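Below sits a lone chain in structure tokens, taken as the form predicted alone.
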């Protein structure tokens, strides 16, 4: 079942239990059933019965150690995050899945307030949680917190970059970010007629982002969109600021990825040191 089907299967008691799990998520990897019961204002027996049902629907994972506890699955956290956006009046309809990657799932949607949008559900660390923890400095936090932090990081970065060639961002809840729909294709999917001009646009945008203290950290032909109107840069969950101790290395890697793509695909040669010098120029 997709997110939409799961959402339709919910009821007020299930939502209250999900509220309880979310409320205590920062304190427990598996939230004790007694705390969920208290927050949901339902007796423990009722909560346990509903948690079993939610587990059968792959919305939560239950675990018994010294106590019975519960936490979200990716699908459960996504459905709950969607619910919070609906509850805030940010989204009115959700449509088809537009794309799916290792760390996110994207749906188109509609908001009476913002018009046609996309909603991006982050899933850092799920299901390959151990590999992600080894790859990135996430400490000992479990995947629900990591996905929420990932979504928050993207939301905050896009807010800082308002007015630049990035999607407008409208709202964030849990692991979900609501943003503008960009009608464009990924750079690697098109054959450019003016590659030199497009490369200059990308470099200029990278500089503009740098001046607002945002370094993408994963820039490549896969998250640069193009259409006849210009370029857009997307996917900022890994972005950092100059407070990060390795920001220079990440900036250089971003630039290197882009220059390598244009060299291999279009034969355009640029000195990486000169490009970085231009980006960093005050």
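Remember, it's a predicted structure, so these values are computed and weren't measured experimentally. Positions refer to the first chain, counted from 1.
The form predicted in complex with a small molecule exists for this protein as well; it is not shown, and the discussion that follows is about that form.
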query: Check all three, 102, 120 and 222, heavy atom within 4.5 Å of the small molecule in the model of the complex; finding: yes
query: Options 84 to 92, 70 to 78, 199 to 207, 179 to 187; stretch whose heavy atom lies within 4.5 Å of the small molecule in the model of the complex; finding: 179 to 187
query: Sole residue of 164, 192, 211, 98 within 4.5 Å of the small molecule in the model of the complex, by heavy atom; finding: 98
query: In the model of the complex, the one of 217, 35, 234, 42 near the small molecule [non-hydrogen atom within 4.5 angstroms]; finding: 234
query: Contact flag, residue 145 vs the small molecule in the model of the complex, heavy atom cut 4.5 Å; finding: no
query: Any non-hydrogen atom of residue 109 within 4.5 angstroms of the small molecule in the model of the complex; finding: no
